[in-house]
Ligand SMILES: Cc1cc2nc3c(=O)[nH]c(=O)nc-3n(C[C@H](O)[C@H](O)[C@H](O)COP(=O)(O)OP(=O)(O)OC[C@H]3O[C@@H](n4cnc5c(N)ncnc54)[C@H](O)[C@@H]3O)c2cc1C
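Next up is one chain by itself, shown in structure tokens, the form predicted alone.
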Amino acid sequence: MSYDCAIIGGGPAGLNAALVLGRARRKVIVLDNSQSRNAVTHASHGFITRDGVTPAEFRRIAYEEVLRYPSVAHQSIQVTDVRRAGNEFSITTEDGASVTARKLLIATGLREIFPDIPGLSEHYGRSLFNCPYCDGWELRDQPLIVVSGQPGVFHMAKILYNWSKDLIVATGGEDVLTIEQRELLASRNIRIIETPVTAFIGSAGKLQHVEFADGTQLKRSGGFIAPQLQPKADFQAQLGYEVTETGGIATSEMGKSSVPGIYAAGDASYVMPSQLIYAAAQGSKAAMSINMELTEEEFAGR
């Protein structure tokens, strides 16, 4: 099968791009393995008209809307390889089938790598999160902990102070705070603990205590973790596009990569903040750019 555009990834970026391209009467296929990063989250926030929607319901509504357009197809399958084939791209899926497309949009998102702390997986998405703007409101005025050994922990603590004044920052012993930052946090009664966290303790996903390597436990009812983020899919070796220092696909403002015909949107280009509404907007911009490029080629007789 040959398409105007193949979209790898069915999150908000890929699906919004499919919507725009479908409305432009472009023949599009969305290839998605249905393993979204936010699947464990109880609700998604900050997207107008969809505030509080579950990730599963968001995807259901999105596919219902996108697939109303007869030129849009969808396959729930893993992409295993992507190659340039002349002026097109050849995409191979895990069942050995292949499709070709004139343009390629990579919208595969990011993979989270968390510290190996007992209890983290049981509480993540219920009382432990990674985005204050997404879940800070639900934890407002509660005793919280920020667990991060990354330089952004100071920024995270300052932002969270808007939602709760009862904060603890656990750096795991990493030297990521300057003297000035430590003094500023202390002036707001934000306690800094260098001892590594060894367990999150609670029931039914609700955090109750945080345990540290020295055996002490502190009562906390929620918190925020800063995972390491990596691109979920990496086709750089096959396609040769440039990547950023953070590992995302380097793109222009409209989603064009350094390789003609290849675009990226959403978390695949690793543009922060990582939120639904940002990803959807990037998907829309990339789709408009793709449609314009296809139109220019058709008017030029290519």
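Being a predicted model, the structure only gives us computed values, none of them experimental. Each residue number is its position in the shown sequence, starting from 1.
Keep in mind that the form predicted together with the ligand is missing from the display, and what follows is about it.
No residue in the set 4, 241 and 286 has a non-hydrogen atom no more than 4.5 Å from the ligand in the predicted bound form. Note on the partner interface in the predicted bound form: the residue among 35, 246, 236, 258 having a heavy atom within 4.5 angstroms of the ligand is 35. With the partner omitted here, the residue from 121, 217, 78, 195 that has a non-hydrogen atom within 4.5 angstroms of the ligand in the predicted bound form is 78. Within 4.5 Å of any heavy atom of the ligand in the predicted bound form lies no heavy atom of residue 211. Looking at residue 10, you'd find a heavy atom of it within 4.5 angstroms of the ligand in the predicted bound form. For the chain shown alone, residue 44 is a contact residue for the ligand in the predicted bound form, at least one non-hydrogen atom being within 4.5 angstroms. Looking at residue 156, you'd find every heavy atom of it more than 4.5 angstroms from the ligand in the predicted bound form. Screening 164 to 172, 144 to 152, 185 to 193, 122 to 130 for residues having heavy atoms within 4.5 Å of the ligand in the predicted bound form returns a single hit, 122 to 130.
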